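Presented below, as structure tokens, is a lone chain in the form predicted alone.
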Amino acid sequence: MKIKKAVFPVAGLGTRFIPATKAMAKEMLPVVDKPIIQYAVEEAFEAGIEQIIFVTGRGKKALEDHFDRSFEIEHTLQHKGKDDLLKQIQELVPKTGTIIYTRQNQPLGLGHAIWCARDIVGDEPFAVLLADDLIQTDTPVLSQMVKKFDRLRASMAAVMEVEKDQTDKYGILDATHVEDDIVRIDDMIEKPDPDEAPSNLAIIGRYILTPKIFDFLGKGKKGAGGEIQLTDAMRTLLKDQPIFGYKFKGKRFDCGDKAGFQMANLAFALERPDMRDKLIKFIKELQKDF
């Protein structure tokens, strides 16, 4: 079955970026000149996704407006003859019915946020994208994963190796090598202490899941941090179905972290011909002071 739907859990408050996120959704923070969430939505559409499901909370109106028409701005740009900018903002707006919004009315974790989309997803496999994980790559990671899913026909998560002392920030795998970029997951632990981690292979914010996952998320079992963890539900799913880890191609930036966010801005800006030379010159000047 084709992967047609993608869930975006975007109800978080973004407290690590206060005061910037006091009145603005963290997903709207720009990397160069594009909000973080737009990169993830574009990745989904490029992978063949037909329906975007945003799981939102209070204070997300700017996110909703971003993917809607803005007649005042369009009129102004048209009047001033700025056709390139006009085309850009018009292309932001998908066809009617392509984006659906539902609310997570309690901050009960990632697993709960995904469960909130169960009635919209229905009985079919679906993708999950965490916009904070911004990945710089020639081929979007979800596109890479969809191709693997077409062959494996099983749930999977994007994975990468992390520093051993960073395992308490991720879902960590105990896995068996299958092929160059695929592992079969034997077990997983949410945010283990480095001394207790079975490996340094961590799950990153891209998933393809079968609808069976909702059976376990719906039980409301709380795990690390007192939240309903997706990792815990996937661990239970392992008893019924195989789950694979895909070692994606690309450079991942953690835009939920202040330093990671700044690194992403620099890396993506250096890809831009209109900015690259100025930035390189500036970086070289800065290096003289360190």
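Numbering starts at 1 and follows the sequence shown. All values derive from a computational prediction rather than experimental measurement.
One more form of this protein, predicted in complex with a small molecule, exists but is not displayed; see below.
Annotated contacts: K5, T98 and A127 are all free of the small molecule in the predicted bound form [non-hydrogen atom within 4.5 angstroms]. Figure note: of the listed segments 151-159, 86-94, 176-184, 102-110, the one touching the small molecule in the predicted bound form, with heavy atoms no more than 4.5 Å away, is 102-110. The single contact residue among L13, A20, A267, L279, judged by any heavy atom lying within 4.5 Å of the small molecule in the predicted bound form, is L13.
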